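The chain below stands alone, shown as structure tokens; this is the form predicted on its own.
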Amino acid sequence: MTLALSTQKLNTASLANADPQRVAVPAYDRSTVRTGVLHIGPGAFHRAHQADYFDRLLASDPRWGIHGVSIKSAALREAIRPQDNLYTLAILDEQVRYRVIGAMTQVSTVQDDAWRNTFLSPDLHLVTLTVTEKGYCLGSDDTLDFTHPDIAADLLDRTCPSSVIGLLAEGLRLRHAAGLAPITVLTCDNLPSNGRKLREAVLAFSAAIDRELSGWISNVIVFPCSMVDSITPATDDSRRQSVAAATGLEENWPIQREAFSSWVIEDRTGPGFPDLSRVGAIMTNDVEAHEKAKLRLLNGAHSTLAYLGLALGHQTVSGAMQDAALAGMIDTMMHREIASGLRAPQGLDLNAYRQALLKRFRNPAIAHRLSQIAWDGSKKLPIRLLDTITENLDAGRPVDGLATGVAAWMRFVRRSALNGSAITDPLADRLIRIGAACNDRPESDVARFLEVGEVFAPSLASQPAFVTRMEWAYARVMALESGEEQL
């Protein structure tokens, strides 16, 4: 007979009683930690990835506690405040490991004044961001969209920012007015040249409100590029229960990720930047090559697997990878259509990286839902698939698998419209209207989607070779949905 293990609520007091054989706890005195990082968007990925790096760094340097600021929701603050901002990270591998992360010193929302106080702290040296691609309020030309409702609202009233750009500009304004030292602003989102795009957006916004502020930001604030990588499924009740059972600590919001983790940072940082290389981050002058390999091989394959897997009735990444024909198609696409156009950064073997990604996708310990990866397709596809298609067409390389991934997204929208299912996307209403207007004829359906300029650049949408392959791929996915054709 198996005896149930007793559990206790996770907080500072219970941490002292945690069993080190079951769960690792912070290797430092949390009472000595100073807040050197302000993070905007402390969602699951940040808490599983960057917070883990800082947690390990705190074991030797107490300056790098994190103040997490949520723009849209107070849910995280309410969930982990009773836990003294502690939470458990489950690292999913052949043997699941558990660590309590103590790096979060505070979680607040933009409605609080706490974030202003942190911007005005001499201890602050770094602002980081994980707000997803849509959080930057960029237009189809990758510049700040001044017509975006959140940007328009922040230009009128900066007391409670609605956008990350407005929040950054206001925080930097406060710091400039107080005569405090410059800081580094480090974006960790999946955008090519992410630091440069963020810098231009902040400069455009600040110039619209205060040209002196814009000049100061331009001269002294550094926005390095970075690339982050670790598969992080959403937490569900089963994970909460398994964490409590394994660690003896009950909590509201544990986080899970795969064992693999990577953080590549441009070696162009401001004063006082943390020594993240000590805990495994890679400092390099060639972030672009790492970034492109990750965005196209991992994220491009992920999106294709998600939309095509859903069309075939799969629910999770590992489940979809058990479909030998689908897994083979993804492997072929990665090898022939993506890796063939990439420049490998120093120290990265693209073939070995591709094989490692396929192994990561198959990890049975991770129930990464395809529906989660399918979110925000209108923002993700241009970066993950369409840029590669454009380059391949110009170079005469094949695009069949890539086009199938894009067509599977179109069919995902079409099925959602037919089923009355909501989709998570900044263009959700428009896309559902397009999906409802489709008639399951490839020529007319593809034409409707190609009119969405926020997704398909006119120079690509007007290419006969692209249109032809998209119509072929759309018909192919329809046949796969109905079972008339096999991969």
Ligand code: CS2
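Please read these numbers as outputs of a predicted model, since none were measured by experiment. Note that residue numbering follows the sequence shown and begins at 1.
Below, we refer to the form predicted together with this ligand, which is not included among the displayed structures.
In the predicted bound form, this ligand lies within 4.5 Å of some heavy atom of residue 228. A residue is said to contact a partner when one of its heavy atoms sits within 4.5 Å of a partner heavy atom; residue 125 fails this definition for this ligand in the predicted bound form, lying far away. The closest non-hydrogen atom of residue 101 lies beyond 4.5 Å of this ligand in the predicted bound form. Taking the partner from the other structure, this ligand in the predicted bound form has a heavy atom within 4.5 Å of a heavy atom of residue 294. This chain is displayed without this ligand, yet in the predicted bound form the stretch 380 to 388 from 206 to 214, 285 to 293, 73 to 81, 380 to 388 comes within 4.5 Å of it by heavy atoms.
A single residue from the set 373, 86, 151, 281 has any heavy atom within 4.5 angstroms of this ligand in the predicted bound form; that residue is 373. Residue in contact with this ligand in the predicted bound form (any heavy atom within 4.5 Å), chosen from 354, 199, 314, 302: 302. Not one of 39, 108 and 169 comes within 4.5 Å of this ligand in the predicted bound form, counting any heavy atom. In the predicted bound form, this ligand lies within 4.5 angstroms of a heavy atom of only one residue of 167 to 197, namely 190.
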